[in-house]
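Okay, here we've got a single chain as structure tokens, the form predicted alone, with questions on binding and movement later.
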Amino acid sequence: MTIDDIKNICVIGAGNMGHQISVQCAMKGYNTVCTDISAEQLKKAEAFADAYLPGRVAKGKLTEDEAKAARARLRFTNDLADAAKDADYVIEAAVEVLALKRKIFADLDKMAPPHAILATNSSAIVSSKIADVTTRPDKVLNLHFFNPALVMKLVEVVQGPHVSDETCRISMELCTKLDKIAVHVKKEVKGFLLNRIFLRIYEEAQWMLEMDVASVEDIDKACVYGAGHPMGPFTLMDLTGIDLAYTMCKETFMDTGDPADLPRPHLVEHYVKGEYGQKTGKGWYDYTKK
């Protein structure tokens, strides 16, 4: 199989990442189906597409014909079998729970054509923990987009020991077709490439908060005005979702058994309160007044 054989893309999950990945695929010429078990989430995703594409026309980023063509290539369904039946490439963007992902990939293996590559967008769960539920482990890998997927250029293509060179090559080429910058992560390591680096920043930032060394605001200011980061670690967590950070910590702890991998008390407090960041109006910061 070559990159030219990829015509149809299935995106599983219509949430924060999935709906944006779907729109990006459709804009770049791929017939794209976005699926989710939540009818409400699908409705929100479709409404986003219907607003975003005309917005790109208004900003001069797309012509009206290009926007209409992209919208015609994009559809939404809550039927996984229907979404996967013609897929050449599948991108799973469900929540970061291993058991759920294994169930999805086991189903996908039966529903998607035998030639289809099955990718997970997971930033924490390596594909070697999923591939064994399929009959095509050589075609199962991590394809990790960054949030917001319509803006961020970087995609990590993670080649575990089971992933074929062909699968990796096609995935790298697909990223280029999607106007992304792909990096080849040659080994499955915790956090992959960029998040492994940022993980140390997150850990130190939360430690300083727990020890009352500095406030959320001042830690973020230090990273922005001292290190030149576009945003501080707490602002970034609010953007990507405190629920995601919490779930990733729990999944890591379940894997390692190391208490140091458990989510920190302040993070747990926000999670329990349902304060997940920008999407709920409150997280490390309060967005309700903006």
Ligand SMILES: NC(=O)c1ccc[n+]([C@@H]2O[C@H](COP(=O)([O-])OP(=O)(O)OC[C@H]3O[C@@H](n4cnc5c(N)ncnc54)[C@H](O)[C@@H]3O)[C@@H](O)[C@H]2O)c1
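Only a predicted model underlies this, so the values are computations on that prediction, with no experimental measurement involved. Note that residue numbering begins at 1 and tracks the sequence as displayed.
The discussion below concerns the form predicted together with the named molecule, not included here.
**Student:** Looking at the partner-bound form in the predicted complex, is K273 within 4.5 Å of the named molecule by any heavy atom?
**Tutor:** No, K273 is distant from the partner.
**Student:** Can you tell me whether F145 touches the named molecule? I mean in the predicted complex, with a 4.5 angstroms heavy atom cut-off.
**Tutor:** It does: once the named molecule is placed as it appears in the predicted complex, F145 has a heavy atom within 4.5 Å of it.
**Student:** Report whether the minimum heavy atom distance between S38 and the named molecule in the predicted complex is within 4.5 Å.
**Tutor:** S38: contacts the named molecule in the predicted complex.
**Student:** Is K180 a contact residue for the named molecule in the predicted complex, using a 4.5 Å heavy atom cut-off?
**Tutor:** Contact with the named molecule, no.
**Student:** Judged by heavy atoms and a 4.5 Å cut-off, are M1, P137 and T167 together in contact with the named molecule in the predicted complex?
**Tutor:** No: none of M1, P137 and T167 comes within 4.5 Å of the named molecule in the predicted complex.
**Student:** Work out which of I104, M111, V185, V126 lies within 4.5 Å of the named molecule in the predicted complex, going by heavy atoms.
**Tutor:** By the 4.5 Å criterion, the partner-contacting residue is I104.
**Student:** Among 96 to 104, 81 to 89, 213 to 221, 167 to 175, which stretch has residues whose heavy atoms lie within 4.5 Å of the named molecule in the predicted complex?
**Tutor:** Of the options given, it is 96 to 104.
**Student:** What residues of 105 to 140, in sequence order, lie within 4.5 Å of the named molecule in the predicted complex by heavy atom?
**Tutor:** N121, S122, S123 sit within 4.5 Å of the partner.
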